[in-house]
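A single chain, nothing else alongside it, follows as structure tokens in the form predicted on its own.
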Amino acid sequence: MPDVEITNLSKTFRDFFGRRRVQALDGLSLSLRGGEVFGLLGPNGSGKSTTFKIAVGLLRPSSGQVTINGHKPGSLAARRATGFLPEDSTLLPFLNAAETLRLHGALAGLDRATAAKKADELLERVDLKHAGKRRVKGFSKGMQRRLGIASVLIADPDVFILDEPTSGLDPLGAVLVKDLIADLRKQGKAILISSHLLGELENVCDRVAFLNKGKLLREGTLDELLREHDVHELRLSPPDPEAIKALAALAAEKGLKIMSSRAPMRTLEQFYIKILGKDES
């Protein structure tokens, strides 16, 4: 049985008089299992956040259903199994970071000693150990986001629903979150995630789905969707000029068109981490 199963899910928002205003979801069906990261992609208004809110019991669908480990959203069993990070997480500004995590631990049913121990471990994991005694109201947006992620982790649920988890984070913070997601996958957790930063989803997702106006357009693994079968890329190391010339001549002899032949460029994120990672991590 899938950890998360979405079946023919539809949601229509109506005005005060009951007139249809927005068709947010239209017959969406998806499923994911433990040990899998599934990304929802689409423009603003495509239905991603609506799907998440229905999955955690904050909204009721107009038709269709969602189950979490076989349980209905909003039920005690489903709430215990789910960790939800909304796009705009709200933290209590008068608490410090350690108190925030201990509170979330208590709400998850942990005893005081266990909550305190896990809070210390998570502050270290999200690189906030130095700020454990600082009040949340003095945190930057990125620090608040990392603390929000830690507050979802402390209950150790089976299913994680993460809406824009890297929002407000610098590149090093984004890498930290991607590493956390990779760890959760290894632990067999099911992770449903959305982001407008496509490169981040490409790095962590096993499968993705494209939504627009509440409808599912395409769904599949990254290999199925992104692999270009009409071209072939060959990378050489070291880049010996004579060998490259010989390969180019052989390609021409075979009637093949060389579409590019040049030294590859690393991404700006890779260079940022190379230059700053050791100093700021």
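Bear in mind that the values here come from a model prediction, so they are computed numbers and not experimental data. Each residue number is its position in the shown sequence, starting from 1.
Absent from the display: the form predicted in complex with a small molecule. The rest refers to it.
Note on the interface: of 248 to 256, 27 to 35, 219 to 227, 47 to 55, the segment with non-hydrogen atoms within 4.5 angstroms of the small molecule in the predicted complex is 47 to 55.
Proximity to the small molecule in the predicted complex, taken as a non-hydrogen atom within 4.5 angstroms, holds for one residue of 127, 87, 202, 158, which is 87. Although the partner is absent from this view, residue 241 stays clear of the small molecule in the predicted complex, with no non-hydrogen atom inside 4.5 angstroms. In the predicted complex, the small molecule lies within 4.5 Å of some heavy atom of residue 43.
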